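Okay, here we've got a single chain as structure tokens, the form predicted on its own, with questions on binding and movement later.
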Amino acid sequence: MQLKMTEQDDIVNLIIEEERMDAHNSGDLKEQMLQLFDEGKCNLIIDLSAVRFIDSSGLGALVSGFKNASAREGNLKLCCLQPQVRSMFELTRLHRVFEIYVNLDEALNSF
């Protein structure tokens, strides 16, 4: 999975640089998040601006990250969702679980 990572204070921004988040690549995201948690980096923002399609595997990877962050008293927040991706979160009611922000600045300011 193509990822770009930036850090600001104790917040890691993971920018997904893929059009699809599915069974093919969501395991990579899960591994990356686990590695960050193991390093003590428990406040993550996932930037989904490039993602145009997400399936249950992609959603599962994000839920797994959310649970791991919460277990370590951290946060996993989402930003920059495309309309098609946003509708998947609404369809599965995951928009009630995740904090979802319009842009990165909003997400950063929420910490």
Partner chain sequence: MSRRVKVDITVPNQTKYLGVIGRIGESMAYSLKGFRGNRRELAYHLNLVLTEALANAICHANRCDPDKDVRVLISASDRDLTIKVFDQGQGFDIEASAIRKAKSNAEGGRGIQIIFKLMDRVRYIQEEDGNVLEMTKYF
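What you see is a predicted model; the values in this text were computed from it and never measured. Residue numbers count along the first chain shown, from 1.
There is another form of the same protein, the form predicted together with its partner chain; it is not shown, and what comes next is about it.
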Contact check for R52, S56 and M88 against its partner chain in the predicted complex, heavy atom at 4.5 Å: yes
Does its partner chain get within 4.5 angstroms of any non-hydrogen atom of A23 in the predicted complex? yes
Quick one: does N13 come within 4.5 Å of its partner chain in the predicted complex, counting heavy atoms only? no
At the 4.5 Å heavy atom threshold, is E17 in contact with its partner chain in the predicted complex? no
Does at least one non-hydrogen atom of V102 fall within 4.5 angstroms of its partner chain in the predicted complex? no
Applying a 4.5 angstroms cut-off on non-hydrogen atoms, the residues of 89-111 near its partner chain in the predicted complex are L91, T92, L94, V97
